[in-house]
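Only one chain is included here, represented as structure tokens and corresponding to the form predicted on its own.
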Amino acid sequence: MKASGFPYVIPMLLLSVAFFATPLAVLVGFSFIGSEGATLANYIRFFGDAFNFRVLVNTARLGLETVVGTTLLGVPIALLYWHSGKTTRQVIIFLTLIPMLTSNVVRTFAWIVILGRQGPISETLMALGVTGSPTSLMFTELGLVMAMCQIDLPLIILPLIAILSRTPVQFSEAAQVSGAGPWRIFVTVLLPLMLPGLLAGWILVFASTSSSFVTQAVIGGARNVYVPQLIYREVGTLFDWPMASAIAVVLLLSTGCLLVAMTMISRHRRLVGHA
């Protein structure tokens, strides 16, 4: 008789209930607290303010822009890994993992130097004659997207490498022998193969970018407000914990909806067939 593996899952279930489900239930419960008991007033107040809705849209747009940026950077790196030998692969893995061993706070403050008026980007633009004076990308959405793309790039490279490592390079060579050009090989052969890895990476990058309070606050500045900064304002300045809980639940649900949609797409039978 085959032994059940359920006892081995019990520690994980207990940890999940203690450190995820219970705090989440408390958060949701706080979001319904009002001056006269349970109420939807916090959610009504959030969606009734046009500024809050614009912040929610800005947060989603920042996540999507970072997803596009990391995809444009990550796909060529993953394809280089796929076509390279052992040494180059080790170098790519090393360079991908090293930033993940550094705190997001440290990487964020490094970007202050890079994006500043005396940073390498400003100096390069002046040397090329694009700008006539020092230019700062600090406190701009472009600078924030650049920083987020570098910070979250490993989250899309690693799923792609995991997918391509199981794919023989001969697939590309067979298509080339059949007369397909580089773009046709990429669109009809490589892109369907990489799609499950891309979907996993997009979910991770979007979730990470949407909730990255430190980078948003430091690089984006006060003029670019996103949902995590709203939550911090409600907790740290206004001490309105129920409203902060409601905003956190809205952020969690919006990210969760995207996660469910991406999961359903990744389980489509045509995609599963390619994976």
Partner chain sequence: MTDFTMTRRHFGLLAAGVAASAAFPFSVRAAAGETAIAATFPGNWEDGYRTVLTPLVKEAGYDLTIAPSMAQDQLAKVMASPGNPPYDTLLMSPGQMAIALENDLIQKIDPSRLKNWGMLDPAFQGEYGPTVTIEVNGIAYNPDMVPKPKGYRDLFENPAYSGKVSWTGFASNTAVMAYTEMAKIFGSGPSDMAAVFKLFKDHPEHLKGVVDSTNHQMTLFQQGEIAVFMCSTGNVARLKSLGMNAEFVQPETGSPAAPVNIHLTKGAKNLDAAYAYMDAAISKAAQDALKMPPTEMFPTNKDVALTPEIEAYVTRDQLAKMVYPDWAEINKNRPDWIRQFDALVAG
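As the structure is a computational prediction, the values presented were derived from the model and not from experiment. Positions refer to the first chain, counted from 1.
Omitted here: the form predicted in complex with the partner chain. The next part is about that form.
Visitor: Can you work out whether the partner chain is within 4.5 angstroms of a heavy atom in all three of Leu15, Arg89 and Gln170 in the predicted bound form?
Guide: Verified in the predicted bound form; spot residues all out of contact, no.
Visitor: May I ask you to choose, among Val187, Val113, Val130, Ala162, the residue with a heavy atom within 4.5 Å of the partner chain in the predicted bound form?
Guide: Checking each option against the partner chain in the predicted bound form, the one that comes within 4.5 Å is Val113.
Visitor: Though the partner chain is not shown, can you say which of Gln118, Thr124, Thr102, Gln176 has a heavy atom within 4.5 Å of it in the predicted bound form?
Guide: None of the others qualify; the residue that does is Gln118.
Visitor: Is there a heavy atom of Tyr43 lying 4.5 Å or less from a heavy atom of the partner chain in the predicted bound form?
Guide: Judged by the heavy-atom cut-off of 4.5 Å, Tyr43 is well away from the partner chain in the predicted bound form.
Visitor: Tell me, yes or no, whether Val28 is in contact with the partner chain in the predicted bound form, where a contact means a heavy atom of each within 4.5 Å.
Guide: Answer no; every heavy atom of Val28 is more than 4.5 Å from the partner chain in the predicted bound form.
Visitor: Answer with yes or no whether Thr96 is in contact with the partner chain in the predicted bound form, where contact means some heavy atom within 4.5 Å.
Guide: Flag for Thr96 set to no.
Visitor: Within a 4.5 Å heavy atom cut-off, is Phe51 in contact with the partner chain in the predicted bound form?
Guide: Phe51 belongs to the contact set for the partner chain.
Visitor: Heavy atoms, 4.5 Å, the partner chain in the predicted bound form: which of 31-39, 64-72, 228-236, 203-211 makes the cut? Say which one.
Guide: Only one stretch qualifies here: 228-236.
Visitor: Does any residue in 210-230 get within 4.5 Å of the partner chain in the predicted bound form, counting heavy atoms only, and if so which ones?
Guide: Contacts from 210-230: Ala217, Val218, Gly221, Ala222, Arg223, Val225, Gln229.
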